[in-house]
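This document opens with one chain alone, in structure tokens, the form predicted alone.
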Amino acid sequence: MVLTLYGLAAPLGGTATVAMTLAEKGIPYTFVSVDLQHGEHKQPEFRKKQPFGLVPALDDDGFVLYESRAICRYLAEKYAGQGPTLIPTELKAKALFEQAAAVEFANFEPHARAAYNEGVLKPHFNLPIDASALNTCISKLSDNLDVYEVILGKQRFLAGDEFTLADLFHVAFGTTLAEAGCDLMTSKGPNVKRWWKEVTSRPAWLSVLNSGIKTTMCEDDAFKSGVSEP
């Protein structure tokens, strides 16, 4: 049975993270757009899938899962035999993956999300930007990317020399930083710049970015090319 993904149609946030994982693995799915503007995600029917009233959520033949990182890990392990290996299986390699994923969760996403909320979301709703708050989160992110620069000077990706979910998890909010007036992903240093270009040039992300999040009942050429990526 085809998976059903519920979420935001725009290539942003957790829904985009899950969509990129599906694309990396070449997994067909049905997409159901949730109308956040009119509060559909807060309605009792949707809360049966996601009790906190947030997106995304995944339904795999009656098995319902929420939280984007949990969904991505589930997909990577269920479909381990197709597409790139997004979670290593060897003990030490998996420990390094979990370390890198924890770094993204604690040291990147909170600041990138805050920059998006302050620099992009507030202007969208005609709310005043708190310049001090925006500068603070960008400064914290800059300090952390200094550490990324050192790590990526020793290896191709954050968990080693293979692309994993730890890298993928950065994309959805990292790509919004430029819109918030922050060029750190391309100016911080040569290693971060090289890594970021490679991660955001993957066919899986380009398919989500250019075609949007939508039902994919079969593997199209973009997905197939994404699956063949290292």
Partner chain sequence: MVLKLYGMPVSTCTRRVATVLVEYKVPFEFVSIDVAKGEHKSAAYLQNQPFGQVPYIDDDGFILFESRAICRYIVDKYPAPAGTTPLVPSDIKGKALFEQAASIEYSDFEPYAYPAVREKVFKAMRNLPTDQAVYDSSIETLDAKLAGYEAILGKQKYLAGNEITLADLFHLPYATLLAKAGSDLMTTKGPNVTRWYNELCERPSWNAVKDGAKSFSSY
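Residue numbers count along the first chain shown, from 1. This is a predicted model, so every value here is computed, not measured.
Beyond the structure shown, there is the form predicted together with the partner chain, which is absent from this document and is the topic of what follows.
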>> Under a 4.5 angstroms heavy atom criterion, identify the one residue in L152, A159, V103, I138 near the partner chain in the predicted complex.
In response: V103
> Can you pick the stretch from 61 to 69, 173 to 181, 188 to 196, 24 to 32 whose heavy atoms fall within 4.5 Å of the partner chain in the predicted complex?
Replying inline: 61 to 69
> Does T85 reach the partner chain in the predicted complex if we count a contact as any heavy atom within 4.5 Å?
Replying inline: no
> Hey, in the predicted complex, is Q99 touching the partner chain, heavy atoms inside 4.5 Å?
Replying inline: yes
>> Under a 4.5 Å heavy atom criterion, is A95 part of the interface with the partner chain in the predicted complex?
In response: yes
>> I'd like to know if V147 sits close to the partner chain in the predicted complex, meaning any non-hydrogen atom pair within 4.5 angstroms.
In response: yes
> Mind listing which residues of 20 to 56 have a heavy atom within 4.5 Å of the partner chain in the predicted complex?
Replying inline: P51, F52, L54
